[in-house]
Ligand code: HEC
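In C-alpha cells, the next block holds one chain alone, the form predicted alone.
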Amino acid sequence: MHSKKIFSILGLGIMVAIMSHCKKDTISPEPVKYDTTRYTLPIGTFPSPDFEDNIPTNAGVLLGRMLFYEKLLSKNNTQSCASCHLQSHGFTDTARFSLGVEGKRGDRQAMSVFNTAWHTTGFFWDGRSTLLRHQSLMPIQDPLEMNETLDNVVTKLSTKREYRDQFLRAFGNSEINAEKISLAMEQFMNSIISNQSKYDKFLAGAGTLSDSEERGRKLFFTEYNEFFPAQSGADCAHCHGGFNFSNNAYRNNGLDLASDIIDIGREKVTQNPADKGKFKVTSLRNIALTAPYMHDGRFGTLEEVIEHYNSGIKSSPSLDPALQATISTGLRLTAQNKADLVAFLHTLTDNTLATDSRYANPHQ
C-alpha cells in the first residue's frame, strides 16, 4: 500500500513535468514588431524642439541608449560613448582629456550631452558637425577615441539577436547600417533633458533661493558697468542666457593672447581668421558636475572660472566685444561676490539627471 502511494506521487510529478514542458513548447514567443509609438519628452516649460525627419520613438530611443552604452562600437570592445560621457557627471568626463582605446589622449575636454535637442548651431567645440546624427559617428572613427570602422561596427552588431530585433522595432526591418545607428543615437541623446534644478523650481514658484544664491543670481544677470561700479554685475547672461543658459554661439572668451592660441577652434571649420580661438558657448546647467572647464579643461574649479572672467581676460582680435569692454577694470568682484556667484551656479544642478533610469546603462 505504501509503495503504491509512492508510485502514484511519482507518476503525478512526471505528468506535471511533461505537461509543463509541453505548455512551454506550445507558447510562441512575442513577435518582434515595428513600433512607431512616439517617445514622451519631459520638456516642461522648454519650447518644443524641431526634430524634422527623426522624431524620437520609444523603440528608437531605447536602441540609441543601447548603442550609447555599447562597447562593441570601439576597436577592442572596451569603450562606449558613455565611457567619456558619464551620467553621474552631467554626461561629460572627469578627466581633462579622455584616453582612447589605444591609450591615446584626446585634444579637447569631453562636452556634456544633455538638452541637445535645442542645439541649433552645430556640435563639438568647433561646430564641425551640423547634425547630432553625424556627430554620433565621428568619435567611433576617430583614431584618438574609439578608432573603429563603421563597417566593423555593423558586422559586430549584426551578430547579436537583441540588436537585430531592436532595429526592427525602431526602423521596420532588422538590417543594421551606419545611418540607422546614427539616427538611433541622435534620438537617445535628444531624449536626455535636464530641467529639474533648484533654479527651475524657484522659477516655478516651488522653491526659494538662499540669500547668497539670490545675490549671485542678481550678479549673474546684471550687466557690467564700467562707470557705475555699484550698479555693475558679472554680465554672465550675455553669453549664458535663456532657458538653457547658452546662446549656442561661438566665442573667444579671452583664454589666451592671439600669439599663444594653439587650438584655433572655430577657425579650423570656417577658415575665417576672425574665428580664431572661438569655441561653442556651453550650457551652464549642471556646471557644478562637469569639471574641468573650458575646451581644454584648464580650470578645475568654478572659482577659477569666475576669477578668469573677473581679472584674467586676455585681449586678441577675435575676443568677444563684451569681454573686451571689461579688460580695463575687470569685473571688480569682491570675495563675497565670487562666493555668491558660485552659490547661484550650484542651483543649476539637476540632481535627477545623474540617477534617472531613462538615461542609464540598459545592459546592466
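Quantities reported herein were computed from a predicted structural model and do not represent experimental measurements. Start at 1 and count along the sequence shown; that's the residue number.
Another form, the form predicted in complex with this ligand, is not on view; read the next lines as being about it.
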*in the predicted bound form, do G100, M111 and L331 all put a heavy atom within 4.5 Å of this ligand?*
yes
*Hey, in the predicted bound form, is K75 touching this ligand, heavy atoms inside 4.5 Å?*
no
*Indicate whether L345 is a 4.5 Å heavy atom neighbour of this ligand in the predicted bound form.*
yes
*H295: heavy atom within 4.5 Å of this ligand in the predicted bound form?*
yes
_Can you tell me whether F124 touches this ligand? I mean in the predicted bound form, with a 4.5 angstroms heavy atom cut-off._
yes
_Candidate from Y163, F279, Y224, Y199 lying within 4.5 Å of this ligand in the predicted bound form - any heavy atom_ = F279
*Just give me the single entry in I193, I176, L284, V153 that has a non-hydrogen atom within 4.5 angstroms of this ligand in the predicted bound form.*
L284
_The chain here is shown without this ligand. Which stretch in 266-274, 209-217, 163-171, 232-240 comes within 4.5 angstroms of it in the predicted bound form, by heavy atom distance?_
232-240
_Neighbours of this ligand in the predicted bound form among 300-328 [non-hydrogen atom within 4.5 angstroms]_ = L302, V305, I306, Y309, D320, L323
